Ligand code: NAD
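Here you get one chain, nothing else, as structure tokens; it is the form predicted alone.
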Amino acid sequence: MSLVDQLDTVTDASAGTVDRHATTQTFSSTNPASDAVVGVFPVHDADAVQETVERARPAAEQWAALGFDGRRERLAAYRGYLARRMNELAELVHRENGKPHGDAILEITLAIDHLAWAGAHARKTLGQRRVRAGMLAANHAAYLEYQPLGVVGVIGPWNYPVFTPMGSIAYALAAGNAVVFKPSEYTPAVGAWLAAAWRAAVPDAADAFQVVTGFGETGAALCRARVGKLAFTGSAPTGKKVMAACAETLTPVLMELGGKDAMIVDDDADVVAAADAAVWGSMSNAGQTCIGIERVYATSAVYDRFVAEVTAQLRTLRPGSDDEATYGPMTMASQGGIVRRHVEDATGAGGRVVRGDADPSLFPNENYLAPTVLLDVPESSSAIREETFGPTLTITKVRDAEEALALTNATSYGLAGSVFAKSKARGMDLARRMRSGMTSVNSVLTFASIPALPFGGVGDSGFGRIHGEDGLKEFTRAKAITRQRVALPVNLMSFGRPASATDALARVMGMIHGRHR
């Protein structure tokens, strides 16, 4: 029996992953395309969450004791298990999240690649190394290493229910921590599947990765369970609530929040390539991508050609749940209301609407939204200022790339972005000056597929980093050690030092550093 079949037939919906607790309240996860029930899951209360975290504490010690090689071996077994069952997991993602099967395969592929990188690079990044002791401690050897935090709590999103939380889970595990994962209430089956796969692939460290399910109260309980760190992915308003709950126990947090990412199309850009990237970046996954493109600023030299090319590509898009569909439904029905409000606000302010050929009257239900491009939208509009998180794109004509950059940066968000420019120097210069944690030149979203690059934003887009060396260090504490190699004739750090010693020290420091002005 596959793990998907287990989730279909086991009514506690945890498939044995977490429901060792006494709990009676449950909730259903449904398919956004059909409203069919995917699974029924326990609502874990504060006691159940605390019990899970307490069970993870000794598991964390045992997991850390395996060392880098032991953890790498087990993480390899886990990713192998995922790779062999990609289609099974992708089908579950398709059913519970709504995205096309092919897009789910791409998401899982990225997650597996990050698992491989984290396991392979943990020792080099976090292992003990000697650092220079400096003049004042020349008789000492100095060492630096990064030690695990213990138990890491992860609260994941519904839009990329495998790739996004795995950016925290994989790196936290590779760093030697145990993980308690609370998936979104819209994709609990995917979270339960990931934990069940872990137990199957790594049975000797089963409690190093556990799942709890439920709503906001379950997440709040995880925040208050005194984990070593809490990694959250979601909206900025919810992120503030998570931080407030974590502050009660001084639990450090990692915040991966929303974005209003922009693309700059410069005078010399490849317009066809830029349009293709803008359409994919804005419409894939029904626009439910925190690093997706929501705004485009095209210079007057290319604006008309760019709009024409985007409009032509828009006609080929069709939402649906079949294999030929471009993208699926809105995973969270209420998000559709936000998208509609932004479109209405833009048109009410004088914006023009361009839609594809898909006929909304033929859509299966209201969770499906037509691809929409908005032109001539004022910068004060909510479609420009707020995260839309749907299949929409605003395109604005600007004088030049400098004006585009100024408008791009005129937001409280700062997650990601894109620049299209044929000149390498110009493209790199604009990318560096874009106020964002990540920028792609002549592509979109590419940084997310490169495990060595850190992922995260600034401002209302959050703080902290997953992925890469920064992502590994994010789930550790720096540990400094000194070891005296030889004793000095005069110990400056002693009440027995002679009075003349500090006078001599002052003269030496003056000779070395005093001449610099």
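A residue's number is simply how far along the shown sequence it sits, counting from 1. Everything numeric here is computed off the predicted structure, so don't read it as measured data.
One more form of this protein, predicted in complex with this ligand, exists but is not displayed; see below.
Within 4.5 Å of some heavy atom of this ligand in the model of the complex lies at least one heavy atom of Phe455. The shortest heavy atom separation between Thr408 and this ligand in the model of the complex exceeds 4.5 Å. None of the heavy atoms of Arg305 is located within 4.5 Å of this ligand in the model of the complex.
Interface residue remark: Gly216 is counted as part of the site for this ligand in the model of the complex, having a heavy atom within 4.5 Å. With the partner left out here, this ligand still marks one of 417-425, 153-161, 111-119, 297-305 in the model of the complex; by a 4.5 Å heavy atom cut-off that stretch is 153-161. Annotation: in the model of the complex, residues Arg84, Lys99 and Ala189 none come within 4.5 Å of this ligand through any heavy atom.
This chain is displayed alone, yet in the model of the complex one of Cys223, Leu430, Leu126, Ala170 has a heavy atom within 4.5 Å of this ligand; that residue is Cys223. Checking Tyr327, Phe389, Tyr368, Trp198 against this ligand in the model of the complex, a heavy atom within 4.5 Å turns up for just one residue: Phe389. Heavy atoms closer than or equal to 4.5 Å to this ligand in the model of the complex belong, across 220-235, to the residues Ala220, Cys223, Phe232, Thr233, Gly234, Ser235, ordered by sequence position.
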